[in-house]
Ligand code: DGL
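First, one chain by itself: the form predicted alone, in C-alpha cells.
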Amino acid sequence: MIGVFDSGIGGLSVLSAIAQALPSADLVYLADTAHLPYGDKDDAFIRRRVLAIGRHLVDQGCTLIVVACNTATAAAVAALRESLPDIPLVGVEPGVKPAAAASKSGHIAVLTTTSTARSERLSRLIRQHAGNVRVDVLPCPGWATRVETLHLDDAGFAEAARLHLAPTLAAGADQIVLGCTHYAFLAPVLAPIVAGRATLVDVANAVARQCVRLGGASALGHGGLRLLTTAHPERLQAALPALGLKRLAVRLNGPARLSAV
C-alpha cells in the first residue's frame, strides 16, 4: 500500500498521477487539514507533523510513502528518512532541474510557499541544477489557501497573479516552476498569463514514475483509495469532483474520514 500526504488537498495532484501510473495499487491519502497551510509554519513544527504522519501511515499498513508537499519535503524529508529507515520515501521538489535544462532564455522562475522560498533545500537544488541560469524565486502567499477553499478562478486572483508574474516574464523567464503541489490546480488560471512566453513546469508525473520504480509489492493491490484527514473530512471529499479528479473518485473505498494524528 502507498501512503501519500500533504498539508491539505494540494497533494491530490500528485496522488492523481500515481493512481494513473499504478492502477492496481492500494492508496491512502492523508490531508493534515487541521494544521494547514504548512507554507507559513516554522521548520520545527513541520518536522513534528511530518514525523507523526509518517509513523501513522506505516501503522495503517503503508510500505511506500510519498511526501506530496514541497514545503514538507524541504523541511522534513531528511528527518523522516532517519525515522523510517526501512520505508522507501519519495519527496516532492520543485522542477528546477528540468526547467533549467529546457530554458532557452537562460532565465527561469520558481513559484513557492514562503517556507520553501527560504529553505536551504531549494537553495541547494538551484546551486546543483541551475548554476548556469538566472532563477527568480517568487513566494506566493495565500495561493495554497485559495486552492484549499476551492476559490480557483475568480477574476481578482487572475489579475493579482498576472501582476505577480509580470516582472519575471518581462525579464525573460521562459520556464515557470510550480513549486507547491497546490499550484497545479491553479494552472488553468496561470497558463493564459504565461501563454506564448513561458511554460509551466510541474513534477507530479516525475513523482509517479519514481513510485513505479520503487513500488514493488507496494504497487500490488485492488486499486482502492482511502481518504484520511485531520479535520473537515467533508471538504476533502468535496475536493475530488470540484478539482475534476474522477479517476480518484472511482477508486474510493468509502467516504473521507477523520484520522487522529
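Numbers follow the displayed sequence, beginning with 1. All figures in this text were calculated on a predicted structure; none of them were measured in a lab.
Separately, the form predicted in complex with D-glutamic acid exists; it is not shown, and the next lines address it.
D-glutamic acid is not shown here, and in the predicted complex it never comes within 4.5 Å of any heavy atom of residue 54.
At a distance threshold of 4.5 angstroms between non-hydrogen atoms, residue 180 is in contact with D-glutamic acid in the predicted complex. Proximity of residue 69 to D-glutamic acid in the predicted complex falls within the 4.5 Å heavy atom cutoff. Mapping the unseen interface onto this chain, residue 37 counts among the residues with a heavy atom inside 4.5 Å of D-glutamic acid in the predicted complex. Remark: of stretches 99-107, 160-168, 70-78, 125-133, the one touching D-glutamic acid in the predicted complex is 70-78 (heavy atom within 4.5 Å). Scanning 1-30 for heavy atoms within 4.5 Å of D-glutamic acid in the predicted complex gives 6, 7 in sequence order.
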